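The chain that follows stands alone, in the form predicted on its own, written as C-alpha cells.
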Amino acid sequence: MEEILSAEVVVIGGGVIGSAVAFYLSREGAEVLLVEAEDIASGASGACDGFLSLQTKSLGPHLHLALESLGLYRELAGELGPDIEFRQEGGLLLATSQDQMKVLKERAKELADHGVEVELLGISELKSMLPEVGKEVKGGSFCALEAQVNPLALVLRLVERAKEMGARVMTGCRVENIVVANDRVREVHTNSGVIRSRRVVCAAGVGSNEIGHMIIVDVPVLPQKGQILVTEPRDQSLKPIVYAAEYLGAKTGLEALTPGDEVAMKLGLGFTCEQTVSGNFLLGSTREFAGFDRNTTPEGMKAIAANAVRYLPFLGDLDVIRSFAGLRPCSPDGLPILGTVKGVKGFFLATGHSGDGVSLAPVTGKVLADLVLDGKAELDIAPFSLYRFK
C-alpha cells in the first residue's frame, strides 16, 4: 500500500535556496518536509563559489535584497557556527583599461547612492592590497562589505539545523505531480509516496519549470552552466574575493565591460578568484547556455586558467587538482523569481537566482517563510514576481 505522508509545508529542492527556506520556516515553528530528487546540495549549490558580492548586483531592488541578505549572514554565522566559513574581508573588482576604470567610477557613485560605499583604487593603491596582481591591471574598486562563505557547508548546516528544529528531509524523492483542487494545492505525489499539504514551495532550481508545469504554470528558468577550477592549497595570502570587470559585464550585460575575445564571449567568461579556508583557490568562471550538460570542457578549463594567470600570475605556479560545473537557474532578466502564483493558492516560488543563490539564500529563506506563514513579506518582493515577464 502506498505510504501517505502529511506536512504543513513541503519544500521542493535541497539546494541552498530550499535549505534556507526550510530553515527559516522551521525556526518559525512550521512543520516542514524538504524533498530532494537526488541528494542535498547535489545541484548548483554544491558546484559553485562562495561569493557574497554587492558590486555585481543590479541597482535597486536586487542590490537591496543582497544587502539584507548580507546582514542575515552575520546572524547565521553565529547560529550555524564556524563550519560555514563566513568571512567578511571585502571584494576587489579589477579593471584592465582606463575605459573600464571610468565605468567602475560611475558605478561607485551609483552604488554610494544606494548605501554601498566603494573605494576606487589606482594601481599603486591596488598593489598595496594585492601585490601579486598582473601587469595588465590598471586599477579597481574595493567594497569592504563583501564576503564569502563555504556553500556546501552552508547547505549542510542549514539542513542539519532545520532538522534539529523538527524539519523532515527526504532525499532521492522525486516529485511526479502536484494535485490542485478548488484552486488550492492539496497533494504532492512523489516516487516515495503521496504527501498531503496545502502549502508547497518550489525551490527546485533548474527543475522549477518542470515543477511549474505540474500546476500548469510556466516558470521561465533555464540552466546556465558555470565551470570552475580548483587549485592545490597554498599558504593563506588572499583575503578578499577578487573578480574582474569582464565578469561584471558577462553577468549584468554592461556592454562597456563585456570581453571582446570571441571565445570569451561564447563562454561568457569572467575572472573570479577566492582562496578558501583550506588554502585552495577557486577560479572561475563561465556563463554558458548548454542545456542540462554538467560536464566541464577543455575549452572552458583552458580559458579559465589562461584568464586567471592574466590577472594573478602566481596562480600559474599552482597545480589544478580538479574542476566542476554547476547549472545555475537563470531567469530571463537574471533576477530571482519570488512569490505566489495566480489561481493556485498555497504554491510559492523561490527560484531563478541566476548565480546569486548563495548570496541571496538567507533573505530568500526569510521572505518566503514570512509569505508562506503570514501571507505577506516584510520586504517588497513585487519586482521579483513571476508576472513581470507577462
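The shown structure was predicted, so the numbers you read here are calculated from the model rather than taken from an experiment. All residue numbers refer to positions in the sequence shown, first residue = 1.
Separately, the form predicted together with a small molecule exists; it is not shown, and the next lines address it.
Q: Only one of 91, 205, 270, 139 comes within 4.5 Å of the small molecule in the model of the complex by heavy atoms, so just point that one out.
A: Selected residue: 205.
Q: Tell me, which of 238, 173, 312, 72 has a heavy atom within 4.5 angstroms of the small molecule in the model of the complex?
A: None of the other options qualify; the answer is 173.
Q: Is it true that 15, 51 and 226 each have at least one non-hydrogen atom within 4.5 Å of the small molecule in the model of the complex?
A: Yes: each residue has a heavy atom within 4.5 Å of the partner.
Q: Could you tell me if residue 66 has a non-hydrogen atom within 4.5 Å of the small molecule in the model of the complex?
A: Flag for residue 66 set to no.
Q: Going by a heavy atom distance of 4.5 Å, is residue 335 a contact of the small molecule in the model of the complex?
A: Residue-level check for residue 335: no, no contact with the small molecule.
Q: Residue-level question: is residue 31 within 4.5 Å of the small molecule in the model of the complex, judged on heavy atoms?
A: Close contact is absent here: in the model of the complex, residue 31 is far from the small molecule, nothing within 4.5 Å, heavy atoms only.
Q: Does at least one non-hydrogen atom of residue 167 fall within 4.5 angstroms of the small molecule in the model of the complex?
A: Residue 167: no, not in contact with the small molecule in the model of the complex.
Q: Which one of these stretches, 22 to 30, 58 to 66, 38 to 46, 339 to 347, sits within 4.5 Å of the small molecule in the model of the complex when only heavy atoms are counted?
A: Selected stretch: 38 to 46.
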